[in-house]
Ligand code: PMP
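Presented below, as structure tokens, is a lone chain in the form predicted alone.
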């Protein structure tokens, strides 16, 4: 059974509060309609003792876009956003442990889009410093909703209802993650990360127009691939292409670069030379072991 963390502090209502104080009213739209948008942001301990948060401004800008598409007011400046995250992580950080922060914009007042008032709530959790374990991947019977229904471009809590169902379906099939297909029966993304496949030495991934999130981690992986001389192409991927791929991985803030050892029960080659190289290079870049110019780190004040 997974042991959920209960951090000491939460950022809510413009200041740090104890975990037990951080509550929403039962009548607010964040509760009754699941109206929120959020980000997942990862920070890593660096070799020099500093703590670096990955692509913080890009996450702020994507949160702005999600809020705009759901008409949720978001008036925080980047500096206010950054300082709130610094304050929370600085109060919770433990030596030699990484952290994952979730800034969530909740609609706390208003009704059907009128008089909406929001609050930025940030939670943060510790993570051990270790590469992700390889996983079994399946293809879900649940589908990614189309852009005219619930756009994948909006990183909203409601967008992860289908992912929750797919995750439960996967557990029943001994799969740690599942691929969601789109309305055309092609690959959209996994439940909380993008999908990478390798065929004949080239990395392929579905574009956002196929129902994948506009992923910041995916952009990092693409930049690293170019630096390593690996061709990286965005294009539609059929379901059967997963079954004949040479290598598969998922990538995202939490997933980082997670290698796949089987797809729909079919084992993949144990040696994943291309995606294993990407995984290693990714972790070296975000941990500051071998920095990359594309990977922007915002350092906690010392």
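Numbering follows the first chain given and starts at 1. Since this is a predicted model, take the numbers as computed values, not measurements.
Below: the form predicted together with the ligand, not depicted.
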When the contact criterion is heavy atoms within 4.5 Å, does residue 135 count as touching the ligand in the predicted complex?
no
So in the predicted complex, does residue 74 come within 4.5 Å of the ligand, heavy atom to heavy atom?
no
Decide whether residue 101 counts as a contact residue for the ligand in the predicted complex under a heavy atom distance cut-off of 4.5 Å.
no
With a cut-off of 4.5 Å between heavy atoms, is residue 52 one of the residues that contacts the ligand in the predicted complex?
no
Is every one of 62, 160 and 215 within 4.5 Å of the ligand in the predicted complex, counting heavy atoms?
yes
Picking from 194, 124, 108, 84, the single residue whose non-hydrogen atoms come within 4.5 angstroms of the ligand in the predicted complex is 194
Of these, 37, 275, 237, 251, which has a heavy atom no more than 4.5 Å from the ligand in the predicted complex?
251
Want to guess which of 186-194, 225-233, 170-178, 110-118 is within 4.5 Å of the ligand in the predicted complex, heavy atoms only?
186-194
